[in-house]
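What follows is one chain in structure tokens, specifically the form predicted alone.
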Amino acid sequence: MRIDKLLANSGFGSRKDVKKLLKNRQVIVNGVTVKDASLHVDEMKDMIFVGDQQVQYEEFIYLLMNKPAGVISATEDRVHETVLDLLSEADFSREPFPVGRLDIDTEGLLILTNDGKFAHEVLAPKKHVDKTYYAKIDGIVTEADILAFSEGVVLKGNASKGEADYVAKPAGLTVLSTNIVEETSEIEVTITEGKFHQVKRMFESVGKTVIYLKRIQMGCLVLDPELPLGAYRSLTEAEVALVLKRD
């Protein structure tokens, strides 16, 4: 890997910042001061210092984002802003991608990583990683709805696309509050799969509409309440493990 890319990926600023470090003779590789930004190094074997600080290269990056509405869960798009557009230059250069997706109008917990194996573990159907959402519903959610969700509701397929109806896996539905006057409900729902517009389609199957949707938990990892919409931070090793852990 080029020394300038490695240092940028390791949090020493942009490529421009790194070139200044090199020019000022602050970068040492295996005891030798280097100035060439294109120098190739072995990030796993070479001893690299910036000043007195040894560079500890981490192969993978794991980010927790509080995705805002209006931003799509994709690596690129010609029309809409993507979640990668919200990243710093250094984090963007690590080439992360979203683990799964949230609809453009859905907010909340989204993980980005460049670890393909981890992403597969999270998304693999056999792993059944729980995903919990908070939602506001147009309609009064009833005990009958809770029972229907627990048994698995039918998601209507798109006949024009040759899609058959699909029985969703059982889901846990909890009513947090109801507003009789406005005829709305606040709920939490936990699912173990990720079909297209799944939560919205599940409520449509019982004659109700999702007004607002936010993912608040994946596995045992809960969305950081201190993380503003559009912001993100690195996950700790313990938090990465929580994603694959079930209650």
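For every residue, the number given is its place in the sequence shown, counted from 1. What you are looking at is a predicted structure, and each value in this text was computed from that prediction instead of being measured.
As for the form predicted in complex with a small molecule, it is not shown, yet the points below apply to it.
- Interface residue among 217, 185, 26, 198 relative to the small molecule in the model of the complex, by the heavy atom within 4.5 Å criterion: 198.
- When you look in the model of the complex, the only residue of 102, 112, 141, 171 with a non-hydrogen atom within 4.5 Å of the small molecule is 102.
- Against the small molecule in the model of the complex, the set 155, 166 and 205 makes no contact: no member has a heavy atom within 4.5 Å.
- Within this chain, residue 133 lines the site of the small molecule in the model of the complex, having a heavy atom no more than 4.5 Å away.
- Looking at residue 213, you'd find a heavy atom of it within 4.5 angstroms of the small molecule in the model of the complex.
- Looking at 146-154, 82-90, 102-110, 115-123, the stretch with residues near the small molecule in the model of the complex, meaning non-hydrogen atoms within 4.5 angstroms, turns out to be 102-110.
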